[in-house]
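Presented below, as structure tokens, is a lone chain in the form predicted on its own.
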Amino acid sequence: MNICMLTWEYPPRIVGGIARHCFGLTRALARRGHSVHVVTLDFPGAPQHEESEGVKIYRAPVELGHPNFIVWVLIFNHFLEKRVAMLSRDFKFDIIHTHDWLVAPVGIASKHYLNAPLVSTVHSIEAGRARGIHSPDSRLIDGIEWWMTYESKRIIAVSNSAKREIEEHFRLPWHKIDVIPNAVDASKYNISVDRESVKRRFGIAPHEKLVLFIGRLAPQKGVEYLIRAAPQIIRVNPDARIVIVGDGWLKDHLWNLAVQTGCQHKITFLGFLPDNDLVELTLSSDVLVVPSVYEPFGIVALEGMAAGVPVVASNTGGLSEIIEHDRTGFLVYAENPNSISWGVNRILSDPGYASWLVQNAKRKIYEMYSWDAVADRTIEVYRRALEE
């Protein structure tokens, strides 16, 4: 099967979870003998065309820029469309697969131009991310998302809660939506690290207990509630150090909030980290916190579980489907610093309990969340799209 995968982010361009999702999925599809062609944006220093582990990657130069994000998205879709059209001279694509609204226009145009069925994975929707449709930009994004779901032969949701959200918001027939969870490459965590050395590299004392957050600094990720929980965490565990990895437009606000708590000396902002550093830092952590307000899936929770780090996560969306409370992780109330601090302190104060959670979580990862299993289910969706 010739598959054209469309995504605005793909390594080394990593903004959120879509890049890692597409990276894992495309390689698993290629291992099954399918011809996988990824069309994505260019990135400084990355080749415009390369083949990696059987996956053909085409990075389209975007020749025009614009300070407005939505205008820029519509511009880069034009250049992605050109790249797909040029590839179609040499390949007959059987399936067009898009990821979220940012590449919906090129996916829809390619569907009609190539006369191939469109499959779309919806990782999240604007109504959830923005907690309602409150602005002209949100209304436009919401409209593009509806258009994508209308034009798609099949929709893939990353969790059952995401399926319900998509079905209700866009008034879709339930049988048009398939649920396929994210996955994680657990093998990348099968390395030995010197925890003390890693901590020193990032300015953390060897004796400090590392409380880690990884994600975009955006409202839906709930970082502010972890920061508000800092005084209670540090009161019970004075050796705790809260480390925030990621970037985003909320960074200055979050730093000011850290200062307001009086715990800024115990909160470290590291910004964006490359994958190698991120893996080593995760393996050196004592607890991973996923305090999301809105999270259709939560791939970072899977990564923590695979790394053998106990996870404290909001009891919301896909996180509540990934984590079995008090067995494979610890679920807390969203937007509740008291609940977050309670979960973190429970794990930091009881190493035996933390170790038990880790053992259960690792077993679940290997049984349910491999990319090979996700690829098999995705291929079945492709086949259904071709038959309908």
Partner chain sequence: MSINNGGEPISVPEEIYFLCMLHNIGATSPERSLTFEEIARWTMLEPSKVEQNLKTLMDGNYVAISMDSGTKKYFITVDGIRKVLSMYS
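Here the structure is a predicted model, which is why all the values come from computation and not from measurement. Residue numbers count along the first chain shown, from 1.
One more form of this protein, predicted together with its partner chain, exists but is not displayed; see below.
Residue in contact with its partner chain in the predicted bound form (any heavy atom within 4.5 Å), chosen from Tyr113, Trp174, Tyr150, Trp72: Trp72. For the options Lys209, Arg129, Arg195, Lys163, the one in contact with its partner chain in the predicted bound form, meaning a heavy atom within 4.5 Å, is Arg129. The stretch among 233-241, 296-304, 104-112, 215-223 whose residues place heavy atoms within 4.5 Å of its partner chain in the predicted bound form is 215-223. Here the marked residues Trp8, Val15 and His134 all reach its partner chain in the predicted bound form, each with a heavy atom within 4.5 angstroms. At a distance threshold of 4.5 angstroms between non-hydrogen atoms, Pro47 is out of contact with its partner chain in the predicted bound form. Its partner chain is not shown here, and in the predicted bound form it never comes within 4.5 Å of any heavy atom of Trp356. Using a 4.5 angstroms threshold between heavy atoms, Glu63 counts as touching its partner chain in the predicted bound form. Put simply, Gly352 is far from its partner chain in the predicted bound form: not one heavy atom of it is within 4.5 Å. Along 37-60, these residues reach a heavy atom to within 4.5 Å of its partner chain in the predicted bound form: Asp42, Phe43, Pro44.
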